[in-house]
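Here's a solo chain for you in structure tokens, the form predicted on its own.
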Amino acid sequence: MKKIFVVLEGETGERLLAAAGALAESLGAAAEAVVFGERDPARCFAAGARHVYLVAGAEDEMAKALSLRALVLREKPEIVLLPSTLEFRTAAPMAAAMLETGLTADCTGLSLTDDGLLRQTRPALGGSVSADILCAAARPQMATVQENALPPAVPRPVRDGTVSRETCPAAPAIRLLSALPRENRGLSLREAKVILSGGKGVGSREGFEKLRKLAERIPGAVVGASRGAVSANLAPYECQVGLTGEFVRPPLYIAFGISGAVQHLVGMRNSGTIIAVNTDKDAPIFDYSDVAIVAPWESVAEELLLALQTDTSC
């Protein structure tokens, strides 16, 4: 039977696994999960996997690439899908190069052509168009996918499946000398119910600190940023929303001082309600907003902060 591999790590991959399950049904294939680290296989079965490979000992990107290469050569899947996390944006091209196949990065959609090829849809030309990419000859067909661009996984009854334990075929190429824990910032962009995003128009780190204070008053809220703000060192990369950051779809997205470059719009346009605050009435982001506020971002943020401070129900 044909196989579709879906690579999982941490909490990522379940939307991707559900999407692969739908592709597998159309292709007459089996969706199988490749898990780096520990995860309850029942979660994978519930998302549509028929088999789970639990891979131990792959501590760095090269080790993960080598492990994936060994599994692919042994199991010969037709398709390999990976989440577009920072780590797999590095490991996936390594594995593709070793397998002498192609790789489509940061896909936002997956489907099958009439003859069963994987149609890999991704933003191109800065996000101004969507490109459909096919890998007609080489195998496997490989893609990294922006998970939040996919619909949420539909829960299904837990099904039985099989599990095998695998070991990394080579010693890690990198030796860890020390580790500094990252500051715990609470919810991630993917988990947030509300995202307060700032652009270069916010103007300073102090401006982003004001957005963080506002986020603290709103349950489920986190601070996001445009690429311009991150490039200007106003906010850390982990806050970046867009084509080269995180794809998000919170119920509420508020953009402060963001003009609406295409690469940013691609990453947030699937949000529920979008509110944009900008002094430029012709800012492109207003074309994608449910509510457009033409005003200085700081005055709006201050009004919101004042209202939330006086509302004891928040």
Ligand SMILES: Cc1cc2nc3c(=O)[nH]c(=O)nc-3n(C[C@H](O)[C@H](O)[C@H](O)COP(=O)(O)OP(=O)(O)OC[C@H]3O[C@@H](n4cnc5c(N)ncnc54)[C@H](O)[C@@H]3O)c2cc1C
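In this text, residue numbers run from 1 along the sequence as written. These numbers were taken from a predicted model, which means no experiment stands behind them.
Unshown form predicted together with this ligand; subsequent notes refer to it.
Chemist: Please state whether all three residues 201, 259 and 298 have a non-hydrogen atom within 4.5 angstroms of this ligand in the model of the complex.
Modeler: Affirmative, all three are within 4.5 Å.
Chemist: Would you point out which of 42 to 50, 55 to 63, 275 to 283, 24 to 32 contains residues with a non-hydrogen atom within 4.5 Å of this ligand in the model of the complex?
Modeler: Answer to the contact question: 275 to 283.
Chemist: Please identify the residue among 148, 84, 240, 104 with any heavy atom within 4.5 Å of this ligand in the model of the complex.
Modeler: After the contact test, the surviving option is 240.
Chemist: Just to be sure I understand the contacts: of 227, 212, 119, 139, which is the one whose heavy atoms reach within 4.5 angstroms of this ligand in the model of the complex?
Modeler: It is 227 that has a heavy atom within 4.5 Å of the partner.
Chemist: Considering non-hydrogen atoms and a 4.5 Å limit, does this ligand approach residue 270 in the model of the complex?
Modeler: It does not: once this ligand is placed as it appears in the model of the complex, residue 270 has no heavy atom within 4.5 Å of it.
Chemist: Quick check on residue 130: any heavy atom within 4.5 Å of this ligand in the model of the complex?
Modeler: Output for residue 130 is no: heavy atoms all beyond 4.5 Å of this ligand.
Chemist: At the 4.5 Å heavy atom threshold, is residue 250 in contact with this ligand in the model of the complex?
Modeler: Judged by the heavy-atom cut-off of 4.5 Å, residue 250 is well away from this ligand in the model of the complex.
Chemist: Quick check on residue 244: any heavy atom within 4.5 Å of this ligand in the model of the complex?
Modeler: Because a heavy atom of residue 244 falls inside 4.5 Å of this ligand in the model of the complex, the answer is yes.
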